[in-house]
Ligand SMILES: N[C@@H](CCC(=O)N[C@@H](CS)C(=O)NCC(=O)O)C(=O)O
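Presented below, as structure tokens, is a lone chain in the form predicted on its own.
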Amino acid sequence: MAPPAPLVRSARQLWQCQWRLLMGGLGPADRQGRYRRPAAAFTALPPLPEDAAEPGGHVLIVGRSCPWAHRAWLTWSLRGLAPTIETLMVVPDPAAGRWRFSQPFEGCDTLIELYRRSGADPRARATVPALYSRRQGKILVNESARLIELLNGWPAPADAPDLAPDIDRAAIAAWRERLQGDVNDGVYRCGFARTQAAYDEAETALFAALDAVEASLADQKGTGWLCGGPVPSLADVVLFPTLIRLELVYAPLFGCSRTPLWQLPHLWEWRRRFHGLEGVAATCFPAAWRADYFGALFPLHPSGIVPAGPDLATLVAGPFPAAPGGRPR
């Protein structure tokens, strides 16, 4: 027997009030209900440290589920920076709403402690990625967009790729700016929207940007990377963490499901090729992504149940499957 209509209305109104309160804690929004990402704590691009080439002098702190940390991790991996920069994994603590070290690091049990010791504003969030200097005893930068630029200029093996060559710098900058707002942050603007209008605006911009990427890749006639170079650029690096999570997290949880990626064959093939680059697969943890997103984002998924999803291998293995006539299946 269905509950009485007045009870349903009251329960809905109560839940909506609680939802707005919880969403306010999850992320700020403007008056129109558009999600606005909070500013990072250490945003300035620091100069290359004098001891950059010193083995073990710096530590890149990342979390498996964070796409912003993923882009820094990818840059570190693609450029072969393991000899000079260690990586350290933090794990989420959903009950406390913070990142925690598996073992104490520099005398800290949590990332927020390390932030405070590094001089962060007490109101600042402790987020990943973060680059820590052992010599200076502090975090140098945690804004991922600036951090990947620093890592691209870091001393690296002779065969390390330049992910922002001068010849492509303008195109890379233009793509990064669009992807940052419409795609990387765009999926969160969809998921954390407070109103239908805010969601519609973000969702439209997201898929318009993906259509633009698809068209750009199609025009390159086989070069394979977003800015047409022989190797991936920082534009490719910032796109991959969002695209590899699309079917696994963002489509089912954030409502980013208008166009399945298999309907964008050049993007599908681009994702497969990027995942196949040396070291990239080792940065991908689909089970952790799904557990952290579905299990931790209570306002979006109150049950905490982690639903089944596609196997990552089915999303990145083999060439794009074309149906008869060359059209996507």
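All values derive from a computational prediction rather than experimental measurement. Sequential numbering from 1, following the sequence displayed.
There is another form of the same protein, the form predicted together with the ligand; it is not shown, and what comes next is about it.
*Classify R125 as contacting or not contacting the ligand in the predicted complex by the rule of any non-hydrogen atom within 4.5 angstroms, answering yes or no.*
Taking the distances in the predicted complex, the answer for R125 is yes, it comes within 4.5 Å of the ligand.
*asked:* Residue-level question: is S144 within 4.5 Å of the ligand in the predicted complex, judged on heavy atoms?
replied: Because a heavy atom of S144 falls inside 4.5 Å of the ligand in the predicted complex, the answer is yes.
*Non-hydrogen atom contact R34 with the ligand in the predicted complex at 4.5 angstroms*: Contact with the ligand, no.
*May I ask you to state whether W154 is within 4.5 Å of the ligand in the predicted complex, using heavy atom distances?*
Taking the distances in the predicted complex, the answer for W154 is no, it never comes within 4.5 Å of the ligand.
*For the spot marked by W99, P129 and Y188, is every residue within 4.5 Å of the ligand in the predicted complex through some heavy atom?*
Spot residues vs the ligand: full contact, yes.
*in the predicted complex, which of 268-276, 299-307, 66-74, 53-61 comes within 4.5 Å of the ligand (heavy atoms)?*
Among the listed stretches, the partner-contacting one is 66-74.
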